[in-house]
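Only one chain is shown below, in structure tokens, and it's the form predicted alone.
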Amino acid sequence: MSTEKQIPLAKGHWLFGSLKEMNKDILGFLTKQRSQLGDIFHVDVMIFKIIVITKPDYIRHVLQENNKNYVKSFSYEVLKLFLGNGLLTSEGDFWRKQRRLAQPAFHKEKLIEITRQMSRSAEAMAVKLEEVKQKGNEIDITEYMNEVTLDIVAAALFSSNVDDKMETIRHSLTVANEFAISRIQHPINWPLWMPVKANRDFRNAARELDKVIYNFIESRRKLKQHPNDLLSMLMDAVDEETGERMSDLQLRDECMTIFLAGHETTSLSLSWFWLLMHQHPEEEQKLHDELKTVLNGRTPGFADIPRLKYTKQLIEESMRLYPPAWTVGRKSLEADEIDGYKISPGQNMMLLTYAVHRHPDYWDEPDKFKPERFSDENVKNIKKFAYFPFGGGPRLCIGNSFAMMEMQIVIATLAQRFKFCRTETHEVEKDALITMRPKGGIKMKVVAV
């Protein structure tokens, strides 16, 4: 019989709890609490009590060993407002059915054709950046990475570029994302039916996104021959247990999820990557050396990906320091116990990826950029769930292979031609919203290699 242990509480205001500190600098505040209170503690945010976990063994318990007792937390309910009931937000039997239907679309052999489109999109971005380089202008690299990843995910989904709809999609996704962020950060909100400006803007954005996606679905249903893209794979998938296919609504929800999750996090990973390359010229030179050896100036393809080993190490170390999904939210269904700590039913939890990735108990010089951590010899020494940028357990991100291939191809294409250099000297501030963004973007100049 285990002995119950008390979960320590972060000090805060008698009414608002830690709301002020978390809104001001949530990463700094929670990391400080971890160093003072340990690897499991709770914070009060007005009426909400949130348990924060930063120990890999505890995270493995929640995400893997007893995963059926934990569902997505409050923030995912907000995301449902525009993502619907897709893989990111659905639960239980419905999620399991959708996962079975969607899984074949993300098998590596299915991604070979998609990598060709990734290369085409990366080449198109290289043309744009060449123009920027010639003019000598400074750019926000996050905007350009957002554009190339959105182009890739649109082509992967629909076998089509969406240049004519790009601005509408980008604007609508931004409005929907910021709306969700606002509702998560402020526990008391206007009901969605109230005709306040934020609600009206959100509904308009959701309608625009629906229009784009439903038009693609309707057009695809009319075709006798389906192209080899993710939408066709999702439409053609048949549930082995029930013989059912996805409805238009289910297709819409999965497409919306892929649109958001498939480009937002990847574009941020690429943006942080270029910042780290600017800050670490020795590692950047090793990247160029590998690209010279493996590609020698040509566009990368699917067969090159296993050979771009150091490129992959750089990406993995970048995602350790700057995980776009900086936390994983869960809520307990029934009472549980983790290493003697009692977990009540309905308890909201934060599995704090950012703090675990920089935890001194699991990483040597945790704040230092050391891509050799992920070499073939060293990666086996990384403790399970000390590194989980794509989540873990049965709900490991279904698009993790897609994202890694995409980043390798974009980086290999662009880094053969350009370097990205910062002219500003102040530190780029981390803005932990739904994803971890660079506050104010990352201003850089494009120069020749």
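The first residue of the shown sequence is 1; numbering continues from there. As the structure is a computational prediction, the values presented were derived from the model and not from experiment.
The protein also exists as the form predicted together with ligand HEM; that form is not presented, and the subsequent description refers to it.
Please check if Ser159 has a heavy atom lying within 4.5 Å of any heavy atom of ligand HEM in the predicted bound form. No, Ser159 sits far enough from ligand HEM in the predicted bound form that none of its heavy atoms falls within 4.5 Å.
Consider Gly391 of the chain shown here, and say whether it contacts ligand HEM in the predicted bound form, taking contact as heavy atoms within 4.5 Å. Judged by the heavy-atom cut-off of 4.5 Å, Gly391 is in contact with ligand HEM in the predicted bound form.
Taking any heavy atom pair closer than or equal to 4.5 Å as contact, tell me whether Pro56 reaches ligand HEM in the predicted bound form. Close contact is absent here: in the predicted bound form, Pro56 is far from ligand HEM, nothing within 4.5 Å, heavy atoms only.
Heavy atom to heavy atom, is Tyr341 within 4.5 Å of ligand HEM in the predicted bound form? Tyr341: no contact with ligand HEM in the predicted bound form.
Indicate whether the candidate residues Leu88, Arg99 and Val328 are all in contact with ligand HEM in the predicted bound form, with contact defined as any heavy atom within 4.5 Å. Every residue of the spot touches ligand HEM in the predicted bound form.
Given a 4.5 Å cut-off on heavy atoms, tell me which of 235-243, 300-308, 189-197, 69-77 is the interface stretch with ligand HEM in the predicted bound form. It is the stretch 69-77.
What is the one choice in Val52, Val45, Leu414, Cys397 with a heavy atom within 4.5 Å of ligand HEM in the predicted bound form? In short, Cys397.
Looking at Ile26, Val62, Ile40, Ala403, which is the one with a non-hydrogen atom within 4.5 Å of ligand HEM in the predicted bound form? Looking at the other structure, the residue within range turns out to be Ala403.
Using a 4.5 Å cut-off on heavy atoms, which residues of 244-281 contact ligand HEM in the predicted bound form? Thr257, Ile258, Ala261, Gly262, Thr265, Thr266, Ser269 sit within 4.5 Å of the partner.
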